[in-house]
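Encoded as structure tokens, the following chain is the form predicted on its own, with no partner shown.
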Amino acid sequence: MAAKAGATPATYSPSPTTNKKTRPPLFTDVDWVRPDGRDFHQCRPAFLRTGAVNAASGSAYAEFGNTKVIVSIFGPRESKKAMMYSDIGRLNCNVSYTTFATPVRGQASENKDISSQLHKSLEGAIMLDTFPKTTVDVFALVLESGGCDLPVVISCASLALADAGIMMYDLVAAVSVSCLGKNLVIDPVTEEENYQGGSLMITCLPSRNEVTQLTITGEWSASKIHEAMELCLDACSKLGKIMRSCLKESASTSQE
């Protein structure tokens, strides 16, 4: 959703499903609720805006609950001479955290691993053959880490690439699910990630219904994987609509 004064952040919860009442055994409260009061299958409000960095070829800002990310795109520009000739373009991704992104300094996730996963998620969506011998640089900065950092970074980076005019097959939307006891919670916050028994993240091209990356950690049953994937894919589809709406509003604003 494009930035407007007083605008209410958009949500992209998956279609209503029957929530199981059994609470995770790691919580002892009888009426356990999520830290931010959401339902188990309800995503955080999403606020998106393009054109956040004037000096960049394209940029985007994303705010999902307390997770805040800004992404800048530079290029396509000529590849360094040291690189070998390539008929297709190159994609460089770098993810970093501000010193104040987490409550305790040095607690941020491994940047190299996140940068690699960002690259894998975006590479399949970009038409690299449209800019041979050149490089596109993606710089993502996590301003505040509030949970689900990687999915937010991926979605924000996809929006920034579109803002830069990079040819893509489709936008890339990313959503993750955590397993807490017998329950699946979508779009978890930091407190939930700290207690999760496993996590599943999907990045996909919503309008093409194609998955560009699937990441699973922990032990999952086949039925739980199926349920988690359905939740993520449905939420990705709705997030994709919000991302496209943001681009349309940005385009209409620039024309005025």
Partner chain sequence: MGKTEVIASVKAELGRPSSSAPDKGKVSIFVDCSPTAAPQFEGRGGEELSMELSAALRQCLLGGKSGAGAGINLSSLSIVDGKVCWDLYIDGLVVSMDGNVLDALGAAIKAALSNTGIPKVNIASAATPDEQPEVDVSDEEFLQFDTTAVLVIVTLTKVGRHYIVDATSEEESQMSSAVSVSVNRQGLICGLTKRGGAGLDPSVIYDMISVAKHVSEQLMNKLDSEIAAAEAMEEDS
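Numbering follows the first chain given and starts at 1. Here the structure is a predicted model, which means the values were calculated and not measured.
What comes next is about the form predicted together with its partner chain, which is not displayed.
Proximity to its partner chain in the predicted bound form holds for all of Lys112, Asn209 and Gln213, with the criterion being a heavy atom within 4.5 Å. Within this chain, Leu233 lines the site of its partner chain in the predicted bound form, having a heavy atom no more than 4.5 Å away. Using a 4.5 angstroms limit between non-hydrogen atoms, Ala222 touches its partner chain in the predicted bound form. Contact annotation: Ala52 falls outside 4.5 Å of its partner chain in the predicted bound form, judged by heavy atom distances. Shown alone here, Ser57 lies farther than 4.5 Å from its partner chain in the predicted bound form, counting heavy atoms only. Comment: 116-124 is the region of 90-98, 116-124, 150-158, 130-138 lying near its partner chain in the predicted bound form, near meaning a non-hydrogen atom within 4.5 Å.
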